[in-house]
Every structure is written in C-alpha cells, then in structure tokens.
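Have a look below at one chain only, the form predicted alone, in structure tokens format.
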C-alpha cells in the first residue's frame, strides 16, 4: 500500500482560507472537474490525502476514444479490439466495435493535472465543519490540517461519500461490490474475463494486460464474499506471481448527486456502472459535466442553485440505464453454469456484439469530451 503523503514536522503548516471552488479528491472525477474550470479565473483548491497519481485502485482500463478525446494517449499501455470471455464450459472471443485501452494511472493523472490551473494540497478530509463563514454562503470543510471553505464544494472522495455526513454507508451492508487484483510482471495478448463460480459465486475475474505487467483480479457483487483467496487462485491458474496487491470497494447503485450544499461526483455519487464495475469513464463523464456547471457559476452565468439543479437532473437522467445494468447484474449469477457457455457463444454474434457494446459506450459517450478547455501546462505538483 502507498504511504500517505500528508505533511509532517515543520512542513505541516495549517491549511485555511476561502476559495471559489474546493474539490475534495484528486483522482479521475476530481481532476475532471478541475480540468473544466481551467482558464475560468476561479481560485480552485484540490485536496486529497495522497499525492496526485499516487494511489491506483483499479485495473485502469477505458475505451480508447476517451483517451484520444481528452489528449491522454501518453498514458496508454496496451490496446485491444477483442474480448475473451471464459466460462467453465468454454470460451468465446468477441470482436469489439471499438477498442479498449489499459493505461498507467500516475501518467494519466499527471496529464490531466497538466490541463488544470488549480492549487493542490495533501490533507485528509474529515467532513463538513461547523465553523462560521462570516455570513457568506461558503461551505466549511474540516481537514486534518485545518478548515477550508468555498461556496462551491465537490466531494470526489470515493464511495465513503465523506461530505454527506454520518449516513452509515459502510460495507458489507451498503450497495458495494468488492474487488482485488495483483500486478505480476510480464505482459499478455488478450483482454480476458472469467464468469466462473470457482472464482466467485456472483461476479467475475479478469486479466488486463498493460504493457510490461498484467492486472489479474476478482470482483464480487456480494460484498460479504472475500476475494483474496480466489484472486490468488486465478493468478495461480494463469501461472502468474501474486504480487503488488490492490483493492477497493466499488459502488453499484446511483446516489443523489447533490446534498447539504455539496456536489457529489464519481464513486461518491455511485457513478460506477453495475455489472461491469466500470467507473473511470463515468467518473470523467459526470465530473466534466459538473465542472461545466460550476464554470458557469464562477463566470456569473448561473447561480449555485441552478448549477445544482442542472447537475442533479443530468445525473438522474441516467438512472434507468444504471437500474437496467443492476438488474442484469442480479440475473447473471442465477444462470445455470451449463447454460452460461452456450449463452455467451450465442451472444457473440457480430450483430449482437456491435449493438450491445455500442449501446454500452453510449451510456457515457466519448463525444461528450470533444470540446476541451484551454490547458495550463505544467508538471505533477509537489505540495508547498
């Protein structure tokens, strides 16, 4: 696990002040919001307990066109135009209507940061503060380095939804999936999925090659099912080393995108697709929409309340798609294993694959990112 990069000793200076926008969380969703605010003239502060690009928590894969549209191709490690789905009763190779890429997390975060003009500080966000804000409409946020505030506050901290208050959103009772993977050295040719109850009763295993390493893991739709042993089993079956573990909880239910004056995006709003557990593309997608709404506020084109209403409406408009995928997620584990192989082969016809994968891509289409803001070039920051 990475070491937390919060300042210590003489470098641990108090963090205080009021900003135009405060973004809590510096991964995909938070950086997407900040990227949309670049060049707006807003005083934007991003805080995270880890340095930008420091803590990877996913297999880091995304439709290639999203990397192209966001000028992030420098992070790409490997590209695939087919998907292999393995079951106990056979395997099927799907020719995809679009390509999928694995990427390097630190590099991608660095490239996104290059497109921002925000300030960054390492600090652990504790929650909303009760401190007064001198009669302004600023919202105060408590961190382990002090209290910072802004009239526009974003929670992009992940599934814990820290700024929502003590809502009791904790595993294993919350609507979360559980994922774990290892990162052995050595590449592979195929992007592969396993739907096999030997590895997980409800969920799937995966192998995502990424250049000089392969990311092998298991995800369970049931948060009470522990996946360490079966992740190790899958790696063993593939004759790969069980090294460099990483894991995380993955939301599989959409949540309110606004509340208590705060904007939620990425995993904190449940912006992770059920069934596939794909959350990077959706984090960028919803984060960009939120950034555009906030930009309209700081440029005086709308109020905070109008931004909240617009963003909530945009997020809620996707609810039926998320519910449809969640229903499918619940159905798949009920399919008898002997039927699964023939069913997947049947679904592997070109017509069905093209139709289903194009509809899947359209949930968060890459065209949404076609008008990027003017970048403010610079490198990964060191906190000051």
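Note that this is a predicted model, so its numbers are computed, not measured. Residue numbers count along the first chain shown, from 1.
Form predicted together with a small molecule: not shown, discussed below.
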So in the predicted complex, is the small molecule close enough to residue 60 to count as touching (4.5 Å, heavy atoms)? yes
Review point. Using heavy atoms and a 4.5 Å limit, would one call residue 33 a contact residue for the small molecule in the predicted complex?
Key: no
At the 4.5 Å heavy atom threshold, is residue 26 in contact with the small molecule in the predicted complex?
yes
*Please check if residue 203 has a heavy atom lying within 4.5 Å of any heavy atom of the small molecule in the predicted complex.*
no
Does each of 22, 139 and 293 have at least one heavy atom within 4.5 Å of the small molecule in the predicted complex? no
From 125, 176, 72, 210: within 4.5 Å of the small molecule in the predicted complex by heavy atoms is 125
The one option of 117, 76, 278, 289 with any heavy atom within 4.5 Å of the small molecule in the predicted complex is 278
TL;DR on 236-244, 306-314, 179-187, 77-85: the one with heavy atoms within 4.5 Å of the small molecule in the predicted complex is 179-187
